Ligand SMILES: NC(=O)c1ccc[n+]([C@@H]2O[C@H](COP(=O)([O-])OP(=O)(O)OC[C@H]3O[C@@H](n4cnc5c(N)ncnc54)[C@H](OP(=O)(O)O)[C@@H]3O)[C@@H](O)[C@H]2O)c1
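This document opens with one chain alone, in structure tokens, the form predicted on its own.
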């Protein structure tokens, strides 16, 4: 039976790369995002892949709308007949001091990065249970999840939330045979920086950057290993470890990057 993956934030960056990676290896993909034109382009790209490949269902909608996410999952089941993998990928960034930041920016970040993940999980898990044991939830977090992040505090806090959620959800779903993987992503070359909310949009240099295809391939491989946590690079492991052992120093380094 061909596997089916539901991916949010699939119109660009890691989400689009993941949709292509899954389709290339034969998994059907339900690609959910706000930008219908990008989804149509992605659908065309998937259709042109060398056979055999998975099919792509384009689903326009916003993860901040629980009804839209629930409807997208229902359309996925109606079209493909099952759901095996759910990837809560949609997210936005924000820079700027917490006190001076515009509330609309903060609210958009919280509704996307936190509410969007909750809506995705709550809509997808019942569908994964219908398929039976072997389902898999991926929550896209960040190596910043445990990093003091001055001038990027709202983003870091949102990733702390979803990583904590992943740890608890994993225990809730173990009886269903559904794996939950917390993906701690380091700096990646996507539109994320340009789309970041807030006035402080400068990105400090000097940090190694990976391609979204690297992240996507690691997630596809992780569907077979089913790890609790996925960190892609040794450098990113050092960041996470430094955040634990030397949080003050790491926070000051982050301040230089994000201010």
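This is a predicted model, so every value here is computed, not measured. Numbering follows the first chain given and starts at 1.
The discussion below concerns the form predicted together with the named molecule, not included here.
The named molecule in the predicted complex is not approached by residue 243, whose heavy atoms all lie more than 4.5 angstroms from it.
By the criterion of a heavy atom within 4.5 Å, residue 54 is excluded from the residues contacting the named molecule in the predicted complex. Looking at residue 155, you'd find a heavy atom of it within 4.5 angstroms of the named molecule in the predicted complex. Taking non-hydrogen atoms only, residue 95 never approaches the named molecule to within 4.5 angstroms in the predicted complex. Only one listed stretch (23 to 31, 42 to 50, 217 to 225, 191 to 199) carries heavy atoms within 4.5 Å of the named molecule in the predicted complex, and that stretch is 191 to 199. Interface residue among 163, 112, 146, 131, judged by heavy atoms within 4.5 Å of the named molecule in the predicted complex: 112.
Although the named molecule is not shown here, in the predicted complex the stretch 55 to 92 places heavy atoms of 61, 62, 63, 64, 89, 90, 91, 92 within 4.5 Å of it, in sequence order.
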